[in-house]
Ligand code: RNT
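Okay, here we've got a single chain as structure tokens, the form predicted alone, with questions on binding and movement later.
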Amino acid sequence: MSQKNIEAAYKLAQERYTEVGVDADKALRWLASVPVSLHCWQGDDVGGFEKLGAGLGGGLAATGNYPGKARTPAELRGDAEKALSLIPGKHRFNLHAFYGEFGGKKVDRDEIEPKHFKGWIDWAKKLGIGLDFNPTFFSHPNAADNFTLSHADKGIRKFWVDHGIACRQIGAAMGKALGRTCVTNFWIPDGMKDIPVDRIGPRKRLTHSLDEIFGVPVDPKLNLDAIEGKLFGIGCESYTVGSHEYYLGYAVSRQKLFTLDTGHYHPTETITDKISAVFQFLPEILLHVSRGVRWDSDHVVILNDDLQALAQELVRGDYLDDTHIGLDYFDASINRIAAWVIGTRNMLKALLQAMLEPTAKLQVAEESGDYTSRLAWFEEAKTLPFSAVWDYYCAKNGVPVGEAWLAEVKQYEKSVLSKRK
């Protein structure tokens, strides 16, 4: 589509939105202020670069073997940079601890330092983006039995506590170097495959371990701590130490960010309704946006009803300034860069649709008890000319409009990815 046609379509859409009381220009300015954190693990199937010889583990599984997986930090940065160039707006990048650059040396998890992430910090500074961080409590001999911070062995527990402390220091170093607060998210795989006798012991140990980690002072202007619960995982189907209820209680009592992951609940349970409940007791939250199919299978985010409902809740509740949005999936069956682009663009599309909703009309109808009009406006809003506004936003940001980004990914695959063995 030509620039002239894009602008003409936007002008008509703008007029239509004005008729229903929505300022399209304002919506675009709002969208431009919302960063999404792209996750490093989509680029290499959660492989990391420490080469300790442990399998993926921790209830995690990446399926597929699409050619061109990133094998080095430099390749992963190049792939991520290509993806970011096809996504409108200024965003962030989310790293796991075992993606450091260790110079071919064995550096165990309790020994990692900010210097091992200097390459990532320099790269982010060049792009003008922020970084987020995650301790890696899996793919390690000390996590082989699916217990880490709640382990019965005091020595193993201390190893993981020291890892958590080190990760918060790295997050703070990233925040300081980039002038953008880093969010460091804690998720652990701890749990049991079959029915346990003792449920309270591991949770007591986990509480003690977390208190040790968070007891080390870190400037919240540089690093924010988040904790993430889960319903179950492979190997902990019967008992998950860090459940939703456990971490919600911990987050509220210690005033940490609570992480809501769209794939970490029952298949018919969504996080949309949880957001306003959690915000009654916490000032900020972290979202991990994924797409579970039957279970926490981490499929690429698509523009479905769940994603749109999530975005609507964030916009209607005016929660975006206090919500950190990150993506969390890993699909190795398709082009990995395309997976980043599709998921992130869909997250942004959902937010823009919610920002263009005639919310004022919906609120007036609801407050007056006119549920007929509320339902009518819900349905009418679905066919407002959103796509013309999205195309204009992409063009304005200098990224491909419509499906044109796919040709660039295919060319990159031909010239770069296909040469990787």
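Predicted, not measured: the structure shown is a model, and the values here were computed from it. Sequential numbering from 1, following the sequence displayed.
What comes next is about the form predicted in complex with L-rhamnitol (RNT), which does not appear here.
* **Stretch from 258 to 266, 151 to 159, 206 to 214, 317 to 325 whose residues place a heavy atom within 4.5 Å of L-rhamnitol (RNT) in the predicted bound form** => Contact criterion met by 258 to 266 only.
* L-rhamnitol (RNT) contact at W41 in the predicted bound form, heavy atom, 4.5 Å -> W41 belongs to the contact set for L-rhamnitol (RNT).
ask   = Would R109 sit within 4.5 Å of L-rhamnitol (RNT) in the predicted bound form, counting heavy atoms only?
value = The answer is no: R109 has no heavy atom within 4.5 Å of L-rhamnitol (RNT).
L-rhamnitol (RNT) contact at Y247 in the predicted bound form, heavy atom, 4.5 Å:
It does not: once L-rhamnitol (RNT) is placed as it appears in the predicted bound form, Y247 has no heavy atom within 4.5 Å of it.
Partner proximity in the predicted bound form: D132 to L-rhamnitol (RNT), non-hydrogen atom cutoff 4.5 Å
Heavy-atom contact with L-rhamnitol (RNT) at 4.5 Å: absent for D132.
Notebook entry, point to check: Should the three residues K90, W340 and W405 be counted as contacting L-rhamnitol (RNT) in the predicted bound form, with contact defined as a heavy atom within 4.5 Å for each?
Noted result: Not a single residue of the candidate spot has a heavy atom within 4.5 Å of L-rhamnitol (RNT) in the predicted bound form.
Report the residue, out of D306, E75, E313, E228, that has at least one non-hydrogen atom within 4.5 angstroms of L-rhamnitol (RNT) in the predicted bound form.
The option sitting close enough to the partner is E228.
Exactly one of K274, H96, K176, H140 has a non-hydrogen atom within 4.5 Å of L-rhamnitol (RNT) in the predicted bound form; which residue is it?
-> Of K274, H96, K176, H140, the residue with a heavy atom within 4.5 Å of L-rhamnitol (RNT) in the predicted bound form is H96.
Need the contact residues for 287 to 314: heavy atom within 4.5 Å of L-rhamnitol (RNT) in the predicted bound form, sequence order, or none if there are none.
Residues within 4.5 Å: H288, D296.
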